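Just one chain is shown here, as structure tokens, and it is the form predicted on its own.
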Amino acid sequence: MIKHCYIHIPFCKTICSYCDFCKQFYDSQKVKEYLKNLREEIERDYQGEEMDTIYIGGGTPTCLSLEELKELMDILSLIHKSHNTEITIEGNVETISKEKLVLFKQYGINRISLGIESINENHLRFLERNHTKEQIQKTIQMIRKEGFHNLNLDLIYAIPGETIEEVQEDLDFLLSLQPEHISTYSLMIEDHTKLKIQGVKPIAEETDEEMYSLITSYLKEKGYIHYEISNFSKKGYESKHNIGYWKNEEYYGFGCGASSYKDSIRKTNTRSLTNYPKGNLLEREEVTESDKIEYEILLNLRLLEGISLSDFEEKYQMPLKDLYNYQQLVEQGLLIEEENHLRVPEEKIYVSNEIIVKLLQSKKEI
């Protein structure tokens, strides 16, 4: 049964130089039409399950006006929730207001995720972010005052020209805000972004790895649990929604560019606002049992706890060791098998993709 739901709001007041998500400039008429189509999609495809998690992402959901957000919250009411459903909304510092926070509280939103990215003015300009250090502090004070106690802050590192000392400054600032959760992302120069068009090159891999090592060791030293490659939390504040993805569980995806995984079919909605009302898809994939197993491995090994061997056997009616010859990787220290889990050692998590490829290549002929 599906327990997770993602809702995409593709509108932004400004477009960040690095962003390759489905997005476009805010336009009130387009928002009105989009929300109407979003309601219709949910009414058509949602089967009435009670959700463990709902995640409203973008784009910048909080760039909508108060009236538009009321309409979005009304649409959210179509989806069944329990008293402890984790409901997250993404936002930018400059698009949060007291009135919007009161509305979110009224409709049961209990987790806020803010794109901070950096406090360095040069890096903020490079990323085309529009907030200041002071705005961040005031916004978070306001969020806390309105009674929100589950806050994620995003950090981007490996920005061209960035120094280790500047990463440390960003970390110290984030920690001064005492968020329950921190997500850290190495800057990727993606196709169809301003940075790619401008010919910007990524930083040296050794520097990227040095920054990642600093982030992981420092956040752990300060009491955060490193539970996934890019994610850290205080105890009990891991992102339930994202863990659902990493556990390879099925989920709904509503809105432009949103992906769903349901009844062994993965599909992604069109990224075009024009084609969205027609129900057009960007892609559709029928997931075979073999595909499911590969996804399970790829996603589970993003988590520091790794693959639960008993859960895997129960799910697929076969031990993982009967499918993959991973013992050699264990002997080489690339994987650890203990306490009924197979995981990547934390000191090798930066190169986990290479290890996962080796594991998948060890597939046995059955």
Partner chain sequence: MKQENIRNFCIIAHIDHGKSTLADRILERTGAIDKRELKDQMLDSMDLERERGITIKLNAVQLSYQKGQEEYQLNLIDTPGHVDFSYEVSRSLAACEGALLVVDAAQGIEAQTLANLYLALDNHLTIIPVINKIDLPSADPEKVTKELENIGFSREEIVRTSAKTGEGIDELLEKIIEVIPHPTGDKKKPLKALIFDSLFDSYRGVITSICIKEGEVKVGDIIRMMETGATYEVVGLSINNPKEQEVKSLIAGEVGYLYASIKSITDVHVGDTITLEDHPAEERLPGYKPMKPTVYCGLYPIESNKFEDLREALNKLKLNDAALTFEPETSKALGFGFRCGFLGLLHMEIVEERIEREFGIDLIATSPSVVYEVELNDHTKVIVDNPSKMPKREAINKTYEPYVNCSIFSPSEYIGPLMELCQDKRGTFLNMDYIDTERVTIHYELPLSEIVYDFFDRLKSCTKGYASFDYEVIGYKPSDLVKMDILLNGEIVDALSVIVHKDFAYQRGRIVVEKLREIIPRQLFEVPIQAAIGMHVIARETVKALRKDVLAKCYGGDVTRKKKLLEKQKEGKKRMKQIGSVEVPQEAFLSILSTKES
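Residue numbers count along the first chain shown, from 1. Source: prediction; values computed, not measured.
As for the form predicted in complex with the partner chain, it is not shown, yet the points below apply to it.
Student: Of these, D74, E205, E128, D172, which has a heavy atom no more than 4.5 Å from the partner chain in the model of the complex?
Tutor: After the contact test, the surviving option is E205.
Student: Using a 4.5 Å heavy atom cut-off, which residue among Y224, F148, Y276, Y245 comes into contact with the partner chain in the model of the complex?
Tutor: That would be Y245.
Student: Which one of these stretches, 119-127, 285-293, 96-104, 193-201, sits within 4.5 Å of the partner chain in the model of the complex when only heavy atoms are counted?
Tutor: Going through the listed ranges, the match is 285-293.
Student: Is it the case that Y350, V357 and Q361 all touch the partner chain in the model of the complex, with a non-hydrogen atom of each within 4.5 angstroms?
Tutor: Yes.
Student: Test of understanding: in the model of the complex, would Y185 fall inside 4.5 Å of the partner chain by heavy atoms?
Tutor: Y185: yes, in contact with the partner chain in the model of the complex.
Student: Please tell me whether any heavy atom belonging to Y251 falls inside 4.5 Å of a heavy atom of the partner chain, as the geometry stands in the model of the complex.
Tutor: Although the partner chain is absent here, Y251 would touch it in the model of the complex, with heavy atoms inside 4.5 Å.
Student: Would you check, heavy atoms only and a 4.5 Å threshold, whether T216 touches the partner chain in the model of the complex?
Tutor: No - in the model of the complex, heavy atoms of T216 and the partner chain never come within 4.5 Å of each other.
Student: Is T132 close to the partner chain in the model of the complex, meaning a heavy atom pair under 4.5 Å apart or at it?
Tutor: No, no contact at 4.5 Å.
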